[in-house]
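Single chain ahead, written as structure tokens, the form predicted on its own.
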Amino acid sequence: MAVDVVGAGRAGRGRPRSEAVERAIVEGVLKLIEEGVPLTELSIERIARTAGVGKATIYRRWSGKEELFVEVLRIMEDPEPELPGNSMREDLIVLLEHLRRRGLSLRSSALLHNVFAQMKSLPRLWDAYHATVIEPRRRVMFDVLRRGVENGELRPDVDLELANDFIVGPMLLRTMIRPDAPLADDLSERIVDCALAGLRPPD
């Protein structure tokens, strides 16, 4: 993942930023998450000790651990894939493949499992993740499905919100709720074709 973008877009305060220090702090959070430490048990003191910095160093950059976690979430996300635009089916497969590959990533999977399990106890973190990751992806998916209706690849009476859930749901189930489930190379294509079998217009 692109950790070198740490701190981008945040207003500076206090002494000048050190990318190496911020990278060490983010890596410290990720290391603890990978070791299975719940987000609710990650104290600034523990993060600082793992990163090899003082607590004051962290507080100069983030107001607290939730703000730090939001930054880590932002950094962990890969850029959205470029869609071919040749067909709805092809674009849907590309979008699902992006989710599948993220699920194969140990770091991304560990982080998402942790966030998903604790979203009720950390509502600010979940809200930030929803606003910065989930909603933009849903908009992209809806755009693809709407184009499918316009070009005749999808029935005009289809509920697009439900269609989105039909298509994305199985991949999210396997990457977030059933981490033991296989993520085969052809899974994205199989999910899309299975869903579209009931959503396409009749021949």
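Take the two forms, superpose them, and find the largest set of C-alpha atoms that agree within 1.5 Å; that set is the rigid core. Each residue number is its position in the shown sequence, starting from 1. The structure presented is a predicted model; accordingly, all values stated were derived computationally and were not measured.
There is another form of this protein, the form predicted together with a further copy of the same chain, and it is not shown here; the text below is about that form.
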In the model of the complex, do 115, 133 and 146 all put a heavy atom within 4.5 Å of a further copy of the same chain? no
Residue-level question: is residue 28 within 4.5 Å of a further copy of the same chain in the model of the complex, judged on heavy atoms? no
Is there a non-hydrogen atom of residue 46 within 4.5 angstroms of a non-hydrogen atom of a further copy of the same chain in the model of the complex? no
Whether residue 139 contacts a further copy of the same chain in the model of the complex should be assessed with a 4.5 Å heavy atom distance threshold; does it? no
Hey, in the model of the complex, does residue 169 get a heavy atom within 4.5 angstroms of a further copy of the same chain? yes
Quick one: which of 38-46, 170-178, 52-60, 66-74 gets within 4.5 Å of a further copy of the same chain in the model of the complex, going by heavy atoms? 170-178
Partner contacts for 147-177, taking a further copy of the same chain in the model of the complex and a 4.5 Å heavy atom cut-off: 152, 153, 154, 155, 158, 159, 161, 162, 163, 164, 165, 166, 167, 168, 169, 170, 172, 173, 174, 176, 177
Core-superposed comparison between the shown form and the other one, residue 121 Cα displacement 2 Å or beyond: yes
Can you tell whether residue 118 sits closer to or farther from residue 165 in the model of the complex than it does here, judged by CA atoms, where the change is 3 Å or more? farther
Distance flag for residue 118 and residue 162 (Cα, change 3 Å or more) in the model of the complex: the two residues are farther
